[in-house]
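Just one chain follows, in the form predicted alone, and it is written as structure tokens.
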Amino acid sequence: MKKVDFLIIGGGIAGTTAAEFIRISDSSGSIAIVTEEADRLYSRVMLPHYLRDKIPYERLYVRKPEQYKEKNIELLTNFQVEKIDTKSKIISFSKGDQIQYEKLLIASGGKVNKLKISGSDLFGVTYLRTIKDVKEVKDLMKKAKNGVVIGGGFIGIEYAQSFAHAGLKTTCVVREPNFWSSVVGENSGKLINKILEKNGVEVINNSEVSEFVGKGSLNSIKLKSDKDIPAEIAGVGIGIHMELGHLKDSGLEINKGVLTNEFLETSTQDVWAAGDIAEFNDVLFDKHHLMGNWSNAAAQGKIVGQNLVSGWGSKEREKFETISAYTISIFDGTFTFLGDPATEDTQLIERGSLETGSLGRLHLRNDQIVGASLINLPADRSALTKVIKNRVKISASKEKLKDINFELKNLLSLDNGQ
């Protein structure tokens, strides 16, 4: 049986970064990354850039094969984990292989939620998660005349822009009153609608798809209202989930993801988790949550790699503490999510307006800003990051927050927000 000192499940940015930081501190320990994909590390966040002809295909890869060899990191592709036995420290794979580890990092990421309706297996119904996906989407876009986007969120925005860029007649179908309004609020949803429509994208609100129509390949999409929309390609973006079946009977604590403390340690000795699958204890917001984005996964990879070398429960381990942020373009504008996106028990304050085309929604809890969504307010990101991190108390100045001309960096110098 193969034995390694550091075994990493998942070859994405969290797992790869962790391996590289392990090697910085430990020059001789054996490191193996196992991934169910056929590829080395590529950038998920760059996939839409390739669709819109901003970068060549080769630029999607962010590590070369020789970089793994130089760092003496073994990359094992097409390995599907079947079972994790944390007592014997043995991982079993679907191929029948087994690997024994000294220390284990679970960084296997998430999988796309698939729309399970009639016709969902037709050629032309696509998802945008892997490098394999992006090849299929790109080829279909070249031949299609009509594209339909199903679902809101970041992936929906990326699909809409990519289809429009390729000259497709583009339609977005969303269940909510406005694009992503259940997450960003009514007015921000209206503004996203407005930006999409300004750029030639039709948005159909309060609607759901009932069927994908075609023989072998997609021809149209039928809504529950019986409306038919021509489409040779559909881009589905309805979120991701964590596949946790292989963790059954592993002894690990599981919720929506793998539960960890602030050091990214699981409750089981010598096992850590990082990236999308880690439901970690966030010390800034005093709660466990999942935080799936590229920059967060990279930051966790750095910390957890160092912590694996220090050892589970070591005094030298480092806490993971960050203000998560994710920014994408919406045609010629920008959209940013910052901090804690949850709105439960939260006061919501809008900054800017729908009319000006610049609109933010600030999340306050216990008179502190804990999160925000920002449309066309790029200058607010840096100041808000510092305000959240420093837990600035805001009381008398709440009305000022609504004024787009009030600079949020002033909150850092004002006494108790006065």
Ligand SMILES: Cc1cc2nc3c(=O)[nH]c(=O)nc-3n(C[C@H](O)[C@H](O)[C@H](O)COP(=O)(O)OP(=O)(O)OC[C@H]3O[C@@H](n4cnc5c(N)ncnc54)[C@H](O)[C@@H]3O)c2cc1C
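Keep in mind that what you see is a predicted model, and the values were worked out from it rather than measured. From 1 onward, residues are counted along the sequence shown.
Just so you know, the form predicted together with this ligand exists too; it's not on screen, but the next bit is about it.
Note on the interface: of 176-184, 224-232, 96-104, 293-301, the segment with non-hydrogen atoms within 4.5 angstroms of this ligand in the predicted complex is 293-301.
With the partner omitted from this view, the residue of Lys138, Arg129, Lys190, His289 that lies near this ligand in the predicted complex is Arg129 [heavy atom within 4.5 Å]. Though this ligand is absent from this view, in the predicted complex it lies within 4.5 Å of a heavy atom of just one residue from Asp367, Glu37, Glu350, Asp26, which is Glu37. The closest heavy atom approach of Ile9 to this ligand in the predicted complex falls within 4.5 Å. Taking the partner from elsewhere, Ile13 is found to have a heavy atom lying within 4.5 Å of this ligand in the predicted complex. This ligand in the predicted complex is approached by His246, whose closest heavy atom lies within 4.5 angstroms of it. In the predicted complex, Gly109 approaches this ligand with a heavy atom inside 4.5 Å.
Annotation for 153-171: interface residues with this ligand in the predicted complex are Phe154, Ile155 [heavy atom within 4.5 Å].
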